[in-house]
Each structure stands twice: as structure tokens, then as C-alpha cells.
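Two forms of a single protein chain come next, each set out by itself as C-alpha cells; they are called structure 1 and structure 2.
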Structure 1
């Protein structure tokens, strides 16, 4: 995908939407110096260009009883495309996996996993790792505190 040309008004609109995706065009327009219609046209263009991928509600894991977060390093048995693609599909289909990165180094993947408790994580590991003959090894760290969690991207210079 080609990166679209973004001007300072686009960046300002994106900053407003990153802070609160429910901000109405009139409010954004007042902040950036555009009419509501101009803001709406720019937002539509940013969506169509793939700059804005989706607009979601950010839920509290604590409020939903999902109080444990795990960082899991996964090493695959073989590094071939079929094995990697199958693991990607498995990860994409599991709601406990919040983030997944294909990485360089000793591990092949790094997962951020959320579960209600250790029993829930054990169930997850059986389903994701122990039942998968292509997983050679995994190492887990338990998060003690959620210091920073977010999807905001740096928009400044």
C-alpha cells in the first residue's frame, strides 16, 4: 500500500480521532480550523486510503474479569511457510491473543495474551501450544502491571 500524502490538517484530524474516535466532525473542525463537511471528506479519504483501519471501543480487561496478561515467546519446530501460515491462522482465531508479532531472534512469534486467571492460561497453552506439533518451545512472562497499553501512533515530527 502506498502511503498517502498527509498534510498538517490530516495529522491534526488523526490526532483528534486517536484520542476519541467518537469526536464529531464539528468539534474536530473547530479544533483544526475546517468546516464539518471538510473534516468528513478528509476522514472519508483517510478511511479509503487505509490510514484509518477501523474504529473500535477499548474495553477494560479488569472490568471483564480478564485480569492476567502474558507475554509469550513461541519457537516453531520448522520455519516453513505452511507452518508459519497455519500458526498465524490459529492465532487470528483465538480471542485470548491480543497481539501477535512475527519476529527475528530465537523466537518466531511474540504473543500478548489475556486470560482471566492461570487456569485459563493453562487451557490456552494446551490449545495453542501443546496440541500443536509445530510448536517446539514457548516461554512465558506474566505481566505484573499494565504500565502502558494503547494503539496510538506517534504523529509528530
Structure 2
């Protein structure tokens, strides 16, 4: 990543695309005051520059039977690189883990986990935590409501 000189037009285009990637160039052009061709040229440039990392379909967790979300704070036994890396790999390979952050503070990792039900989550905790001697402690919070699920980054000043 090297060239993030984005003008206001780029920002406006990005705002449209992160709201709806299927917005046609003509519509965007009308909003930002550019021709459709110019919009598409900029989109192509933004893709190649990596400002637009990818374009994805957002699926409904409910429709897929994944109605439960959990926030889990994980504290590791000893913070050496090998242990942390092993846990990273385990997290990356587990489909239940939607997100994982390696953080400062009392916990080492924060996980956002989705499961079909409570039983699924128990199976998850077993394979992820109880079977892992390097996990000292974990704290689970059940998400009663997803107030905000951020896919959009704040744009503009």
C-alpha cells in the first residue's frame, strides 16, 4: 500500500461502493458530478491500488442458521511467540470464529464467534479452549443484540 492520495471524488465514490457495490457507475456519476466512464476509471484505479480490497456478498446469519453471536476474551498461559502463533493459526482455521483481535490489556485475544446454538458454542469452547493447555482463562459474553455490524469505514473528515 503506497498511494493513498484520494481526492473528494474518490471518497464519494468509495462511500457509494461500500454501501452497495452493485451501484452502477452512472448513478454514482450523477451523485458526485462525473461521467460514468470517469467513475469507472477511478474505481479501477482504486481496486488496483488496494484501496478497495475486495467486493463481497454479505449473507444473513439467520438465514444460514447462525443465530447466536458471542464475544470471548481469551487469556493465554504464557505469552511466548510460539503459543500465540499456534493460537492464531487455530483461530484462522476455525469457521466459528468470525473475528479475532490480538490486544493489549488483561486479555490477549478478543474473539467474535457465531454458532447455530448454545450446544454448538459448547463444542467450540471445548475444541478451542479446554483442549488447549495454553489457554489460561476465557470469558464469554452472549450478544443479545447486534447493535451495529460495521462493514463501512468512516470516510471524509
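Residue numbers count along the first chain shown, from 1. Quick caveat: nothing in here was measured; it's all calculated off a predicted structure. Take the two forms, superpose them, and find the largest set of C-alpha atoms that agree within 1.5 Å; that set is the rigid core.
Trainee: Of structures 1 and 2, which one represents the form predicted in complex with a further copy of the same chain?
Mentor: Here the form predicted in complex with a further copy of the same chain corresponds to structure 2.
Trainee: After core superposition, I'd like to know whether residue 39 moves between structures 1 and 2 (criterion: C-alpha shift of 2 angstroms or more).
Mentor: Shift of 2 Å or more: yes.
Trainee: After fitting the rigid core, is the C-alpha of residue 91 off by 2 Å or more between structures 1 and 2?
Mentor: No; that C-alpha moves by less than 2 Å between structures 1 and 2.
Trainee: Answer yes if the Cα of residue 48 shifts by 2 angstroms or more between structures 1 and 2 on a rigid-core superposition, and no otherwise.
Mentor: Yes, residue 48 moves 2 Å or more.
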